[in-house]
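First, one chain by itself in structure tokens, the form predicted alone.
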Amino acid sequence: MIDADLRDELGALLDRRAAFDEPLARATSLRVGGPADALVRVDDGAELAAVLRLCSAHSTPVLVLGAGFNTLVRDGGFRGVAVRLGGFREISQDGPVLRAGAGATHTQVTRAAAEAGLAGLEFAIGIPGTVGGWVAMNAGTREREMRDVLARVEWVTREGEPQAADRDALVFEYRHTRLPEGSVVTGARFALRPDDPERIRGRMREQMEARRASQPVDQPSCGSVFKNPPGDHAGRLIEASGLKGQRAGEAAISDLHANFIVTRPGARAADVLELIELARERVRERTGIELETEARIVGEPA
């Protein structure tokens, strides 16, 4: 539990935007998970820096949720402060460069790019979440990743200091961007190219149609559960292990794409974790491949 002084300081700073013992099931795309000691909404860089400084001073863990995708919170909840970016949604254009705050959603950013006649983000139309999540995990598809379109990244350190770096100064890995530990992305600039808006929208429609045909985009999930192992695809390995449609409580491995776990009302994080471990075990037994989770798993068991 966070200490009483930190509760008081967060309350004084954010008023009603600081909630305590708040269930995170409502704040994550899987719709499961226990409560956070505190769930706060920050609306600008000064508030974010202040919250990070307070948590650092009290040695309190911080969980940045964004839109709540790519995250599984265990049923016992998160012992620390969960942060949502309420602001940081501004989007602006400077020639072929589009700047977006970390809280801007995938829909807002891709729509803005199309309206501005800037191509390059079509691949990201169906990658759910916010710009902050995109950058932090170097989100991508089989064709492209964020590192291919990023020009500059802005963040705030754990100590509340704003920093920024151009793309060439950053290190990108598969589903991860190296930033100082505890940092929170606040914005990004994307280097795009001029094109006809209708052609851009057409390519985006094609991307979304393909995604809807192959992924359970209309059901609660956290996105891809596992990283693809070198030279193969986690979904194919799980499907070949006979696990499509496998259920645990109110969670199931998707019938549409085996690298997605979907939930229904009443699901628990324990149900999702049971399916994750089952998939790992079956794939390991059948192929010797150890699947690595792409989704963040945080918090305490019930």
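It should be emphasised that the depicted structure is a prediction, and the values quoted were computed from it without experimental measurement. The first residue of the sequence shown is number 1, and the count goes up from there.
Form predicted in complex with a small molecule: not shown, discussed below.
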Q) Given that the partner is absent here, does Leu256 sit within 4.5 Å of the small molecule in the predicted complex, heavy atoms only? A) yes
Q. Though only this chain appears here, would Tyr174 touch the small molecule in the predicted complex if you measure heavy atom gaps against 4.5 Å?
A. yes
(Q) My question is simply whether Glu239 lines the interface with the small molecule in the predicted complex - judged by any non-hydrogen atom within 4.5 Å. (A) yes
Q: Would you please decide whether Glu22 lies within 4.5 angstroms of the small molecule in the predicted complex, comparing each non-hydrogen atom pair?
A: no
(Q) Give me the residue from Gly80, Gly223, Gly187, Gly160 that has a heavy atom within 4.5 Å of the small molecule in the predicted complex. (A) Gly223
Q: Let me know the one among Gly45, Gly68, Gly235, Pro35 whose heavy atoms come within 4.5 Å of the small molecule in the predicted complex, would you?
A: Gly235
Q: Name the stretch: of 177-185, 133-141, 161-169, 198-206, exactly one has residues whose heavy atoms fall within 4.5 Å of the small molecule in the predicted complex.
A: 133-141
